[in-house]
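Both blocks below hold the same protein chain, though in two forms, and each is given as structure tokens: structure 1 and structure 2.
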Structure 1
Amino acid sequence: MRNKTVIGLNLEHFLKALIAIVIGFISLLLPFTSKEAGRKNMVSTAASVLSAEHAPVISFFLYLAVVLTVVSLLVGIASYIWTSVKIVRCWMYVQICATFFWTMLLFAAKVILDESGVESNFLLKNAGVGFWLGLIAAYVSLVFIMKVAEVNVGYIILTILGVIWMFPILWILLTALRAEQGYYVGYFFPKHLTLKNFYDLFHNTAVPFGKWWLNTMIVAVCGCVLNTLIVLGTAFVLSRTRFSGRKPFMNILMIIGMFPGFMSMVALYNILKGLGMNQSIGALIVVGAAGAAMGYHITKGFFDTIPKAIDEAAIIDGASRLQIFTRITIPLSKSIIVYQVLGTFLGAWSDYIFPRLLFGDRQSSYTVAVGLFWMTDFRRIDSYYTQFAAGAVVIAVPIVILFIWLQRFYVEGLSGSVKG
């Protein structure tokens, strides 16, 4: 092995991979079931499940885990003899499948063993050493095989994390599609799927979701424009000009928002009332814009990175500061603008506490967040829960699309601005 080199393969790890797969094979012969079930090894477990009368469908996880481990060992030995990129790749795919089924056993072992009558009340922590060794060996050999094949091992972590991250999202989606109404259900996959929840959401007289959606859209769009302009203006002044009191002003701006907002919300409400703006979505836009300047920090950081020489050259050419701002700085700040716009847009959909207080009984001004939360009141939640989930999906879809579309700018905006 040591003297072999194959382009496209990193044979340094070949031996380790082979050892790991041999261990995986040995673990098939070590105790798999718990003590009560007589510490059977995996092969004989598979045999008794195969002969059991009521073996569940998912028993094939068990068979495949066994079979694929053996196959992987054979392919591994084969690739030791005829080392080539193709056969190692093949080995990798086999091992990926084997590892997948081993992992699935984590979830399925209880069902398989209990239902086929091999065990009663199987608990994972009682599983035999063969089970754990096999699982670990599957992963270790997969890692080494991937290293041999020069495939990034990160895929394994990404896949696992991705599944974890998508799990609650999937749950929301399934709830939105669930035909059985009700808050609580004790199973993962709905018994019946339907799109009725979405239909009901928009055709419910008590819940004018369409109107709420439109309100939020107005707030979000106006907020995007106003807040972004204000933040850009503030950040430009603080970054590109020097005037007396600039530093104290920056410090005040930074800390003034650190008071918990709830306390002042009642005061804010009364001020808005004094201005005749209470209960209107206009108030929400104005209050959002008024506080926007406090978020200058990231944008200022971004502007700080634009070379000052550009400004100086423009000044020599007779440009005013305002012209520099509108003609030079803004065109250079596409990514930070996208960052601001996305941030404000997202905020409008999720802001709850203040709008709740602001709108009071005026249901027609509710934003989506207030409206959706209204549905979760304990008297309503049982009848509205699936619609609530449908509402969540309706909100999330445009935002996610926007994020996917503008991801690059968002990343650039955020990173360009955070600097030492």
Structure 2
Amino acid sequence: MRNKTVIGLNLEHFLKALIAIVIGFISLLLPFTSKEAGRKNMVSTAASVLSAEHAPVISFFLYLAVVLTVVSLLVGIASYIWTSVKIVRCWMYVQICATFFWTMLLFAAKVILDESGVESNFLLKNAGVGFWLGLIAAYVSLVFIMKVAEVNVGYIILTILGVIWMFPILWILLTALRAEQGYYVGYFFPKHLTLKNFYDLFHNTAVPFGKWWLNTMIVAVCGCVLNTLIVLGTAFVLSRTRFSGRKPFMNILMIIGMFPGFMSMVALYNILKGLGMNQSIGALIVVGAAGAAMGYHITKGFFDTIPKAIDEAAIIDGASRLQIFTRITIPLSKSIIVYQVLGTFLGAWSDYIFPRLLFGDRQSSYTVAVGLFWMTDFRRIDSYYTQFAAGAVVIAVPIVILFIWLQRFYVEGLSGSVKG
């Protein structure tokens, strides 16, 4: 390979990638199961699972890990003989898939081996050298193949991190679909899937999740509207006007904003209790709106990028400050408004500390964050854990949809706020 030169490929790492792939193939022939199960290699284990009467559905993780490792070796040999960008790219995609299924075996091996009867009470600490060698070789070969394909190092790191970050999301989703009740079950993939947890979440009289969701939506929407209007107004005044005490006022807001909000929670609770507003969702809206002005910095930074000549021209035409704000500044600030709306909504939607202090034991006023934490109390966690996971999925869906929909404006708002 040293004498070859192919535009678009870095062949210095080709031999390393091929050696790693060969090691991964050899790992298929080394012990995969524990000593009690006869130290079977991965190929014979896959054959045993395939012939079992009650092999679980997720057994395809094992099959594909074996098949794709072999395919990756064959494609690697082909790319050695007929070196081209297309073949190396194909090799990289095959290895990405192989690495994914090797990784999934970390979580699926116990269910596959236990359910198929190949081994009972399988634990990863008892896995043979073939499994660990194959897993390491899969990642090492993927890194070298991506280097051969001249993929940016950042993409290599992001690919590995993306696989790691995926597992908490996959875990909570699988737990929400798990038919087996209880907090700890000892395996990652459920033996049986069901939607009953979602049904019970909304039909369990002891857990008024629908009420909690409605409370959270009211607080988030109302707080979002009020906070956004207050922040926009504050940022406009501090950005487009000059008055006595402006800078000291901005410095005071900045200094107060440096102190964590929970420092004043006890005082706020006593004030609200004296006003008779404790244990009500209205108190959350009022408290959020009262401190909203301190979050003006990013919005003001965006308003500073709008040329002041536009305001001056409007004043010459007889426009008032309010008309400039509503008819000129706001239409030109769609991205920062979306950023502010999204950030405020997410903050209210996921807030836990102050609502937990405020509501106490009044369950009917709980928000979803407080309610879901209530379900994980040690006295209830075994009974409600799968419903808790279902609730986590339910509250995440609208946030994910909203964020994906508004993501472009969100990024524009952040980038626009630091111009100049």
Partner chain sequence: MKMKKLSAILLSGVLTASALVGCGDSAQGGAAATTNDAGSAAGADAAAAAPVETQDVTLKIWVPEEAVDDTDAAVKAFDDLHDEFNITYEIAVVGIDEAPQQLNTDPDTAADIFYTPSGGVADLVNKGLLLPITKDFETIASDLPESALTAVTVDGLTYAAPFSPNTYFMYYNKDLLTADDVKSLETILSKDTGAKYNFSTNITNSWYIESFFLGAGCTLFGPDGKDPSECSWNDATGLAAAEYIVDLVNNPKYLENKDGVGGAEFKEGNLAAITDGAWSAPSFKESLGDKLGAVALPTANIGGKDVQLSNFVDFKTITVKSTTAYPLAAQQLAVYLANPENSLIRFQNQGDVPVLNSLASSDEIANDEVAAALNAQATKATNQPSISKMGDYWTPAQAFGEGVVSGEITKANLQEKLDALVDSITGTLTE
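For clarity, every value in this text was computed on a predicted model and none was experimentally measured. Take the two forms, find the largest set of C-alpha atoms that superpose within 1.5 Å, and that set is the rigid core. The first residue in the sequence of structure 1 is number 1, and each one after it adds one.
Visitor: 1 or 2: which is the form predicted on its own?
Guide: Comparing the pair, one sees that structure 2 is the form predicted on its own and the remaining one is not.
Visitor: Rigid core fitted, then: does Ile399 show a CA shift of 2 angstroms or greater between structure 1 and structure 2?
Guide: After core superposition, the C-alpha of Ile399 moves less than 2 Å between structure 1 and structure 2.
Visitor: Compare the position of the CA of Ser364 between structure 1 and structure 2 after a rigid core fit and state whether the shift reaches 2 Å.
Guide: Shift of 2 Å or more: no.
Visitor: For this two-part rigid motion, what is the smaller part's turn angle between structure 1 and structure 2, in degrees?
Guide: Angle reported for the domain motion between structure 1 and structure 2: 27 degrees.
Visitor: Relative to the superposed core, report the C-alpha shift of Met92 between structure 1 and structure 2 in angstrom.
Guide: Met92 is displaced by 6.3 Å at its C-alpha.
Visitor: Ser59: how big is its Cα shift between structure 1 and structure 2, in Å, with the core superposed?
Guide: Core-aligned C-alpha shift comes out at 11.5 Å.
Visitor: With the two forms matched on the core, what distance in Å separates the two CA positions of Pro260 between structure 1 and structure 2?
Guide: With the cores aligned, its C-alpha sits 3.0 Å away.
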